[in-house]
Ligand code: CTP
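Shown here is one chain on its own, the form predicted alone, set out as C-alpha coordinates.
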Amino acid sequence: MRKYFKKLPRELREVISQASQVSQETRMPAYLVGGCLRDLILGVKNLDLDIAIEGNGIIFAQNLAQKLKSRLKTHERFGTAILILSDGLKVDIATTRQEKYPYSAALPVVNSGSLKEDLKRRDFTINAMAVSIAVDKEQKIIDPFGGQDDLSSGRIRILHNLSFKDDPTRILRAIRFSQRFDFKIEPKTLLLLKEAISDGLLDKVNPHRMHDELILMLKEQNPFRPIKELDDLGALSFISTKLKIGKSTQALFKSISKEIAWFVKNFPARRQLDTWLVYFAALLAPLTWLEIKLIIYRLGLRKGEQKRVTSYYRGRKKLISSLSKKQVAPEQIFLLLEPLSYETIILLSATTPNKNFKKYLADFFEIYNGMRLCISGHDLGGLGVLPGPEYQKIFAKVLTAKLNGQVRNRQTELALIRKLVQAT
(Lines give C-alpha, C1' and ligand atoms only; values in the text may rest on other atoms or scores of the structure.)
Protein backbone atom coordinates (compact mmCIF):
# COMPACT_ATOMS: atom_id res chain seq x y z
CA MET A 1 0.00 0.00 0.00
CA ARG A 2 2.92 2.37 0.39
CA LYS A 3 2.99 2.89 -3.37
CA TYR A 4 -0.65 4.03 -3.19
CA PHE A 5 -0.03 6.37 -0.26
CA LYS A 6 2.76 8.04 -2.22
CA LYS A 7 0.17 9.19 -4.77
CA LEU A 8 -1.60 11.30 -2.14
CA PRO A 9 -0.90 15.05 -1.79
CA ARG A 10 1.79 15.90 0.77
CA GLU A 11 -0.72 17.24 3.29
CA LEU A 12 -2.75 14.02 3.26
CA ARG A 13 0.40 11.92 3.62
CA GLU A 14 1.18 14.01 6.70
CA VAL A 15 -2.32 13.32 8.05
CA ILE A 16 -1.77 9.56 7.68
CA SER A 17 1.65 9.82 9.35
CA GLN A 18 0.22 11.76 12.30
CA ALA A 19 -2.81 9.43 12.50
CA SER A 20 -0.41 6.48 12.70
CA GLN A 21 1.28 8.13 15.70
CA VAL A 22 -2.07 8.78 17.40
CA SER A 23 -3.00 5.14 16.78
CA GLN A 24 0.17 4.01 18.58
CA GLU A 25 -0.24 6.51 21.44
CA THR A 26 -3.91 5.68 22.09
CA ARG A 27 -3.58 1.97 21.22
CA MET A 28 -6.55 2.31 18.90
CA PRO A 29 -6.15 0.50 15.56
CA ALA A 30 -6.85 2.87 12.67
CA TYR A 31 -7.68 1.98 9.06
CA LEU A 32 -8.10 3.77 5.77
CA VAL A 33 -11.48 2.59 4.45
CA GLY A 34 -14.23 3.02 1.90
CA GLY A 35 -14.22 5.23 -1.16
CA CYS A 36 -10.82 6.81 -0.59
CA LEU A 37 -9.14 3.38 -0.53
CA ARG A 38 -11.13 2.29 -3.58
CA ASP A 39 -10.01 5.37 -5.50
CA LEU A 40 -6.39 4.96 -4.41
CA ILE A 41 -6.39 1.45 -5.87
CA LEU A 42 -8.07 2.66 -9.06
CA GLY A 43 -5.73 5.63 -9.36
CA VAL A 44 -8.66 8.06 -9.23
CA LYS A 45 -8.21 11.46 -7.60
CA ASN A 46 -9.93 11.71 -4.20
CA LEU A 47 -8.83 14.38 -1.73
CA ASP A 48 -10.95 13.23 1.22
CA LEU A 49 -9.76 10.58 3.68
CA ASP A 50 -11.99 8.12 5.55
CA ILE A 51 -10.44 6.61 8.69
CA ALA A 52 -12.16 3.95 10.81
CA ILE A 53 -11.13 3.50 14.43
CA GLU A 54 -11.46 0.38 16.58
CA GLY A 55 -11.95 2.15 19.89
CA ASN A 56 -13.30 5.68 20.28
CA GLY A 57 -13.33 7.73 17.09
CA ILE A 58 -14.10 11.00 18.89
CA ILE A 59 -11.10 10.75 21.25
CA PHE A 60 -8.89 9.69 18.34
CA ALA A 61 -10.07 12.68 16.27
CA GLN A 62 -9.46 15.11 19.13
CA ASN A 63 -5.88 13.86 19.47
CA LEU A 64 -5.28 14.05 15.74
CA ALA A 65 -6.82 17.54 15.45
CA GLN A 66 -4.46 18.74 18.17
CA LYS A 67 -1.43 17.41 16.32
CA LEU A 68 -2.58 18.87 13.01
CA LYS A 69 -3.91 22.12 14.52
CA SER A 70 -7.06 21.64 12.46
CA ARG A 71 -10.72 22.46 13.03
CA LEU A 72 -12.88 19.63 14.34
CA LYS A 73 -16.60 18.85 14.17
CA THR A 74 -17.85 15.94 16.25
CA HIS A 75 -21.08 13.93 16.29
CA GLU A 76 -21.12 12.14 19.64
CA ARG A 77 -24.28 10.19 18.87
CA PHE A 78 -22.69 8.41 15.92
CA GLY A 79 -19.11 8.36 17.16
CA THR A 80 -17.93 10.32 14.12
CA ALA A 81 -15.87 13.45 13.53
CA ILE A 82 -14.69 15.61 10.65
CA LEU A 83 -11.29 17.29 10.56
CA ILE A 84 -11.11 20.32 8.28
CA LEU A 85 -7.57 21.07 7.17
CA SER A 86 -6.12 24.44 6.30
CA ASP A 87 -6.79 24.22 2.57
CA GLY A 88 -10.32 22.84 2.93
CA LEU A 89 -9.43 19.15 2.67
CA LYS A 90 -11.51 16.90 4.91
CA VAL A 91 -10.76 13.84 6.99
CA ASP A 92 -13.73 11.75 8.14
CA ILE A 93 -13.10 9.71 11.28
CA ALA A 94 -15.59 7.13 12.56
CA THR A 95 -15.72 4.50 15.26
CA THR A 96 -16.10 1.06 13.68
CA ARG A 97 -19.71 -0.01 14.07
CA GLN A 98 -22.41 -2.45 13.14
CA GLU A 99 -25.86 -1.50 11.90
CA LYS A 100 -29.28 -3.13 11.99
CA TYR A 101 -32.34 -1.93 10.08
CA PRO A 102 -35.63 -2.32 11.99
CA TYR A 103 -37.58 -2.16 8.71
CA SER A 104 -37.03 -1.36 5.05
CA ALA A 105 -35.72 2.18 4.34
CA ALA A 106 -35.43 2.95 8.06
CA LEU A 107 -32.45 4.69 9.58
CA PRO A 108 -30.19 2.02 11.05
CA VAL A 109 -29.75 1.23 14.73
CA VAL A 110 -26.04 1.73 15.36
CA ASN A 111 -23.80 -0.11 17.85
CA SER A 112 -20.04 -0.30 18.17
CA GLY A 113 -18.46 -3.21 16.37
CA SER A 114 -15.28 -4.72 14.97
CA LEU A 115 -13.62 -3.69 11.72
CA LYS A 116 -15.11 -6.72 9.94
CA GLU A 117 -18.60 -5.80 11.19
CA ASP A 118 -18.00 -2.25 10.00
CA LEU A 119 -17.02 -3.43 6.53
CA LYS A 120 -19.99 -5.81 6.43
CA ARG A 121 -22.48 -2.95 6.88
CA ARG A 122 -21.27 -1.12 3.76
CA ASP A 123 -23.01 -0.86 0.41
CA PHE A 124 -20.77 -2.61 -2.15
CA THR A 125 -17.74 -4.90 -2.07
CA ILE A 126 -15.56 -2.24 -3.72
CA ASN A 127 -16.28 0.04 -0.73
CA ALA A 128 -15.82 -2.69 1.88
CA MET A 129 -12.02 -2.82 2.09
CA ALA A 130 -9.56 -1.41 4.62
CA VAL A 131 -5.85 -1.02 5.19
CA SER A 132 -4.03 -0.30 8.44
CA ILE A 133 -2.33 3.09 8.62
CA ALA A 134 0.11 1.89 11.32
CA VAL A 135 3.64 2.31 9.98
CA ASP A 136 4.91 -0.69 11.96
CA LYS A 137 2.46 -3.13 10.35
CA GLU A 138 2.51 -4.85 7.02
CA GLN A 139 0.05 -2.86 4.94
CA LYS A 140 -1.99 -5.59 3.33
CA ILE A 141 -5.48 -4.75 2.14
CA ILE A 142 -8.17 -6.25 4.36
CA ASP A 143 -10.73 -7.50 1.87
CA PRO A 144 -13.21 -10.02 3.35
CA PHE A 145 -15.76 -9.74 0.52
CA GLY A 146 -13.67 -9.82 -2.67
CA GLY A 147 -13.65 -6.09 -3.38
CA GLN A 148 -10.27 -6.15 -5.13
CA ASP A 149 -11.43 -8.82 -7.55
CA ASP A 150 -14.60 -6.81 -8.30
CA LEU A 151 -12.51 -3.70 -8.86
CA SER A 152 -10.23 -5.45 -11.32
CA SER A 153 -13.23 -7.04 -13.07
CA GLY A 154 -15.28 -3.82 -13.15
CA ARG A 155 -18.22 -5.11 -11.06
CA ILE A 156 -20.68 -3.45 -8.68
CA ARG A 157 -21.83 -6.07 -6.18
CA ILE A 158 -23.80 -5.80 -2.95
CA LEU A 159 -22.72 -7.67 0.17
CA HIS A 160 -26.01 -9.43 0.95
CA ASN A 161 -29.49 -10.00 -0.52
CA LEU A 162 -31.29 -7.49 1.73
CA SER A 163 -28.94 -4.61 0.94
CA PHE A 164 -31.37 -2.59 -1.22
CA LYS A 165 -34.29 -3.29 1.09
CA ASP A 166 -32.31 -2.11 4.09
CA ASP A 167 -31.24 1.08 2.35
CA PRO A 168 -32.87 1.83 -1.03
CA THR A 169 -30.59 4.85 -1.59
CA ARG A 170 -28.00 2.23 -2.55
CA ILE A 171 -29.95 1.94 -5.82
CA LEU A 172 -28.81 5.45 -6.77
CA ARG A 173 -25.29 4.76 -5.56
CA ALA A 174 -25.03 1.53 -7.59
CA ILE A 175 -26.04 3.41 -10.72
CA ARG A 176 -23.78 6.37 -9.92
CA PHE A 177 -20.68 4.21 -9.39
CA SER A 178 -21.38 2.00 -12.40
CA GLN A 179 -21.61 5.04 -14.67
CA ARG A 180 -18.66 6.88 -13.10
CA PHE A 181 -16.24 3.96 -13.40
CA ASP A 182 -17.88 2.34 -16.43
CA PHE A 183 -18.49 -0.80 -14.34
CA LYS A 184 -21.23 -3.40 -14.80
CA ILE A 185 -23.75 -4.08 -12.06
CA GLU A 186 -23.33 -7.80 -11.29
CA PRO A 187 -26.38 -9.85 -12.53
CA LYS A 188 -27.74 -10.88 -9.12
CA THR A 189 -27.23 -7.36 -7.77
CA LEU A 190 -29.04 -5.94 -10.81
CA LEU A 191 -31.95 -8.34 -10.31
CA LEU A 192 -32.32 -7.33 -6.66
CA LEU A 193 -31.99 -3.66 -7.62
CA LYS A 194 -34.82 -3.97 -10.16
CA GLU A 195 -37.00 -5.80 -7.62
CA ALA A 196 -36.45 -3.00 -5.10
CA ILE A 197 -37.47 -0.40 -7.69
CA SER A 198 -40.52 -2.44 -8.69
CA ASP A 199 -41.55 -2.72 -5.03
CA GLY A 200 -41.48 1.09 -4.74
CA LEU A 201 -38.81 1.11 -2.04
CA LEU A 202 -37.39 4.46 -3.18
CA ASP A 203 -40.69 6.10 -2.29
CA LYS A 204 -40.30 4.89 1.31
CA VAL A 205 -37.03 6.78 1.87
CA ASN A 206 -37.10 10.13 3.64
CA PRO A 207 -37.24 12.68 0.76
CA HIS A 208 -34.42 14.72 2.30
CA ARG A 209 -32.11 11.70 2.02
CA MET A 210 -33.13 11.30 -1.61
CA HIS A 211 -32.36 14.99 -2.10
CA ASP A 212 -28.80 14.39 -0.84
CA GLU A 213 -28.30 11.34 -3.08
CA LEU A 214 -29.66 13.22 -6.09
CA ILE A 215 -27.19 16.04 -5.48
CA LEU A 216 -24.30 13.54 -5.53
CA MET A 217 -25.58 12.09 -8.80
CA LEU A 218 -25.91 15.53 -10.42
CA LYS A 219 -22.39 16.42 -9.28
CA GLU A 220 -20.93 13.63 -11.38
CA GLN A 221 -18.67 14.69 -14.25
CA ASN A 222 -21.29 13.52 -16.75
CA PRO A 223 -24.59 13.57 -14.81
CA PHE A 224 -26.74 12.67 -17.81
CA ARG A 225 -25.50 9.06 -17.82
CA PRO A 226 -26.70 8.05 -14.33
CA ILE A 227 -29.91 10.08 -14.72
CA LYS A 228 -30.66 8.31 -18.01
CA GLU A 229 -29.93 4.93 -16.38
CA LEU A 230 -32.32 5.79 -13.54
CA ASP A 231 -35.00 6.59 -16.08
CA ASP A 232 -34.35 3.40 -18.07
CA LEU A 233 -34.83 1.40 -14.86
CA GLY A 234 -38.04 3.25 -14.01
CA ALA A 235 -36.52 4.77 -10.87
CA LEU A 236 -37.15 8.48 -11.46
CA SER A 237 -40.58 8.29 -9.85
CA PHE A 238 -39.13 9.48 -6.54
CA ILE A 239 -38.85 12.88 -8.25
CA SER A 240 -41.97 12.66 -10.43
CA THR A 241 -43.81 9.95 -12.34
CA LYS A 242 -44.11 12.43 -15.23
CA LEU A 243 -40.38 12.82 -15.78
CA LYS A 244 -39.02 11.32 -18.98
CA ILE A 245 -35.43 11.57 -20.15
CA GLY A 246 -34.97 11.89 -23.88
CA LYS A 247 -32.78 13.51 -26.53
CA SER A 248 -33.91 17.01 -25.53
CA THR A 249 -32.70 16.41 -21.95
CA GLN A 250 -29.39 15.09 -23.24
CA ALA A 251 -28.96 18.13 -25.49
CA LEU A 252 -29.79 20.50 -22.62
CA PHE A 253 -27.33 18.80 -20.24
CA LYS A 254 -24.64 19.01 -22.94
CA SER A 255 -25.35 22.71 -23.43
CA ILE A 256 -25.21 23.30 -19.66
CA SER A 257 -21.84 21.54 -19.50
CA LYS A 258 -20.45 23.90 -22.16
CA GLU A 259 -21.79 26.99 -20.38
CA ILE A 260 -20.32 25.87 -17.06
CA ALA A 261 -16.93 25.25 -18.70
CA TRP A 262 -17.07 28.73 -20.29
CA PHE A 263 -17.88 30.36 -16.94
CA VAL A 264 -15.15 28.51 -15.02
CA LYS A 265 -12.53 29.30 -17.67
CA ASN A 266 -13.37 32.99 -18.00
CA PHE A 267 -14.27 33.88 -14.42
CA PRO A 268 -12.11 31.74 -12.12
CA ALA A 269 -12.21 34.34 -9.32
CA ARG A 270 -16.02 34.29 -9.03
CA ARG A 271 -17.76 32.09 -6.50
CA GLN A 272 -17.95 28.40 -7.32
CA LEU A 273 -21.10 27.33 -9.13
CA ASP A 274 -23.54 24.86 -7.60
CA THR A 275 -23.51 22.94 -10.86
CA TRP A 276 -25.88 20.24 -9.57
CA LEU A 277 -28.59 22.88 -9.12
CA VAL A 278 -28.35 23.95 -12.76
CA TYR A 279 -28.83 20.35 -13.88
CA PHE A 280 -31.62 19.81 -11.36
CA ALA A 281 -33.56 22.82 -12.60
CA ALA A 282 -33.07 21.62 -16.19
CA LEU A 283 -34.35 18.17 -15.23
CA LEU A 284 -37.71 19.69 -14.25
CA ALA A 285 -38.27 21.39 -17.62
CA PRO A 286 -41.03 19.00 -18.84
CA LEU A 287 -43.16 19.62 -15.73
CA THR A 288 -45.79 22.23 -14.93
CA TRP A 289 -45.10 25.09 -12.51
CA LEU A 290 -47.32 23.46 -9.87
CA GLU A 291 -45.51 20.12 -10.23
CA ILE A 292 -42.15 21.88 -9.91
CA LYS A 293 -43.22 23.64 -6.70
CA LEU A 294 -44.42 20.35 -5.19
CA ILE A 295 -41.10 18.63 -5.96
CA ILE A 296 -39.12 21.51 -4.48
CA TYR A 297 -41.19 21.30 -1.30
CA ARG A 298 -41.14 17.49 -1.03
CA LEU A 299 -37.38 17.14 -1.55
CA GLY A 300 -36.73 19.81 1.06
CA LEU A 301 -34.61 22.20 -0.98
CA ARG A 302 -33.09 24.99 1.11
CA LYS A 303 -34.44 28.52 0.67
CA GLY A 304 -31.51 29.63 -1.46
CA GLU A 305 -31.87 26.54 -3.68
CA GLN A 306 -35.63 27.11 -4.01
CA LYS A 307 -35.11 30.73 -5.01
CA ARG A 308 -32.60 29.87 -7.72
CA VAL A 309 -34.86 27.24 -9.29
CA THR A 310 -38.04 29.29 -9.11
CA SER A 311 -36.38 32.48 -10.44
CA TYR A 312 -35.58 30.60 -13.64
CA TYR A 313 -39.07 29.23 -14.22
CA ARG A 314 -41.02 32.31 -13.17
CA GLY A 315 -39.32 35.00 -15.25
CA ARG A 316 -37.44 33.30 -18.08
CA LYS A 317 -39.82 34.11 -20.98
CA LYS A 318 -39.92 37.85 -20.32
CA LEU A 319 -36.20 38.02 -19.61
CA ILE A 320 -35.20 36.08 -22.73
CA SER A 321 -37.49 38.25 -24.85
CA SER A 322 -36.04 41.46 -23.40
CA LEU A 323 -32.42 40.42 -23.91
CA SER A 324 -32.81 38.95 -27.41
CA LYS A 325 -33.16 42.36 -29.06
CA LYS A 326 -30.34 43.95 -31.05
CA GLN A 327 -30.06 47.06 -28.90
CA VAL A 328 -30.37 46.84 -25.10
CA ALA A 329 -29.03 49.56 -22.81
CA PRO A 330 -26.41 48.54 -20.22
CA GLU A 331 -28.76 49.80 -17.50
CA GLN A 332 -31.44 47.36 -18.66
CA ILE A 333 -28.97 44.45 -18.79
CA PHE A 334 -27.90 45.20 -15.23
CA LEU A 335 -31.45 45.58 -13.88
CA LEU A 336 -32.58 42.30 -15.46
CA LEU A 337 -29.60 40.11 -14.55
CA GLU A 338 -28.13 41.50 -11.31
CA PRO A 339 -30.94 40.06 -9.11
CA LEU A 340 -30.39 36.56 -10.54
CA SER A 341 -27.98 33.87 -9.33
CA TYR A 342 -25.10 32.66 -11.48
CA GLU A 343 -26.84 29.27 -11.71
CA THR A 344 -30.02 30.84 -13.12
CA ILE A 345 -28.05 32.87 -15.66
CA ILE A 346 -26.03 29.82 -16.77
CA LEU A 347 -29.23 27.84 -17.33
CA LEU A 348 -30.80 30.74 -19.24
CA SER A 349 -27.76 30.85 -21.50
CA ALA A 350 -27.86 27.07 -22.01
CA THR A 351 -31.50 27.16 -23.10
CA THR A 352 -31.23 30.25 -25.34
CA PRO A 353 -29.34 30.05 -28.66
CA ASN A 354 -29.96 33.75 -29.49
CA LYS A 355 -26.58 35.43 -30.16
CA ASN A 356 -27.67 38.82 -28.82
CA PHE A 357 -28.76 37.21 -25.56
CA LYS A 358 -25.44 35.41 -25.12
CA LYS A 359 -23.50 38.61 -25.85
CA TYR A 360 -25.42 40.51 -23.18
CA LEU A 361 -24.80 37.72 -20.66
CA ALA A 362 -21.08 37.86 -21.41
CA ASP A 363 -21.13 41.66 -21.06
CA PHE A 364 -22.90 41.33 -17.74
CA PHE A 365 -20.29 38.98 -16.29
CA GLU A 366 -17.36 40.91 -17.73
CA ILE A 367 -18.49 44.48 -17.06
CA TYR A 368 -21.65 45.04 -15.05
CA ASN A 369 -21.92 42.24 -12.48
CA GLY A 370 -21.39 43.60 -8.99
CA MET A 371 -20.91 47.16 -10.20
CA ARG A 372 -21.03 49.53 -7.24
CA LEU A 373 -20.84 53.30 -6.75
CA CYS A 374 -17.89 55.08 -5.17
CA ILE A 375 -20.13 57.71 -3.56
CA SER A 376 -22.14 57.13 -0.39
CA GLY A 377 -24.88 58.69 1.72
CA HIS A 378 -22.18 60.66 3.50
CA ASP A 379 -21.41 62.48 0.24
CA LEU A 380 -25.07 63.37 -0.25
CA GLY A 381 -25.36 64.51 3.35
CA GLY A 382 -22.40 66.81 2.79
CA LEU A 383 -24.33 68.49 -0.01
CA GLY A 384 -27.33 69.08 2.27
CA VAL A 385 -29.52 66.22 1.03
CA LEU A 386 -31.49 64.73 3.93
CA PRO A 387 -31.92 60.91 4.12
CA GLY A 388 -35.09 59.78 2.36
CA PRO A 389 -36.53 58.85 -1.06
CA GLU A 390 -34.37 61.49 -2.78
CA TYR A 391 -31.25 59.48 -1.84
CA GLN A 392 -32.37 56.46 -3.87
CA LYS A 393 -33.40 58.55 -6.87
CA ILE A 394 -29.98 60.19 -7.04
CA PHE A 395 -28.13 56.90 -6.51
CA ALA A 396 -30.20 55.27 -9.30
CA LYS A 397 -29.35 58.07 -11.73
CA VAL A 398 -25.63 57.90 -10.91
CA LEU A 399 -25.62 54.10 -11.31
CA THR A 400 -27.36 54.40 -14.68
CA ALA A 401 -24.74 56.93 -15.77
CA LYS A 402 -21.95 54.59 -14.63
CA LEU A 403 -23.45 51.61 -16.45
CA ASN A 404 -23.68 53.70 -19.60
CA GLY A 405 -20.05 54.80 -19.25
CA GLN A 406 -20.89 58.46 -18.50
CA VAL A 407 -19.10 58.40 -15.12
CA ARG A 408 -16.08 56.24 -14.39
CA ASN A 409 -14.64 57.12 -10.97
CA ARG A 410 -15.37 58.84 -7.68
CA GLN A 411 -14.48 62.27 -9.03
CA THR A 412 -16.95 62.11 -11.93
CA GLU A 413 -19.63 60.57 -9.68
CA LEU A 414 -19.27 63.48 -7.25
CA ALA A 415 -19.52 65.96 -10.11
CA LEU A 416 -22.75 64.33 -11.26
CA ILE A 417 -24.41 64.28 -7.83
CA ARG A 418 -23.59 67.99 -7.41
CA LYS A 419 -25.29 68.64 -10.71
CA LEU A 420 -28.31 66.51 -9.73
CA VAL A 421 -28.61 68.19 -6.30
CA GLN A 422 -28.48 71.64 -7.87
CA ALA A 423 -31.24 70.63 -10.28
CA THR A 424 -33.62 69.60 -7.45
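Residue positions are given as counts along the sequence shown, with the first one as 1. Keep in mind that what you see is a predicted model, and the values were worked out from it rather than measured.
Not on display, but discussed next: the form predicted in complex with the named molecule.
Spell out, yes or no, whether the shortest heavy atom distance between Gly35 and the named molecule in the predicted bound form is within 4.5 Å.
-> Yes, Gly35 sits close enough to the named molecule in the predicted bound form that at least one of its heavy atoms falls within 4.5 Å.
Tell me, yes or no, whether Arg157 is in contact with the named molecule in the predicted bound form, where a contact means a heavy atom of each within 4.5 Å.
-> Heavy-atom contact with the named molecule at 4.5 Å: absent for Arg157.
Partner proximity in the predicted bound form: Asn127 to the named molecule, non-hydrogen atom cutoff 4.5 Å | Yes, contact at 4.5 Å.
Check whether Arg225 has any heavy atom within 4.5 Å of a heavy atom of the named molecule in the predicted bound form, and answer yes or no.
-> Judged by the heavy-atom cut-off of 4.5 Å, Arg225 is well away from the named molecule in the predicted bound form.
Of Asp379, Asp363, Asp50, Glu54, which residue is found within 4.5 angstroms of the named molecule in the predicted bound form when only non-hydrogen atoms are counted?
-> Here the answer is residue option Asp50.
Name the single residue among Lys165, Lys194, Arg122, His211 that comes within 4.5 Å of the named molecule in the predicted bound form, judging by heavy atoms.
-> Checking each option against the named molecule in the predicted bound form, the one that comes within 4.5 Å is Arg122.
Could you tell me which stretch in 149-157, 195-203, 322-330, 165-173 has residues with non-hydrogen atoms within 4.5 Å of the named molecule in the predicted bound form?
-> It is 165-173 that comes within 4.5 Å of the partner.
Heavy atoms within 4.5 Å of the named molecule in the predicted bound form is the criterion; list the residues of 175-197 that meet it.
-> Stretch hits, in order: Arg176, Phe177, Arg180.
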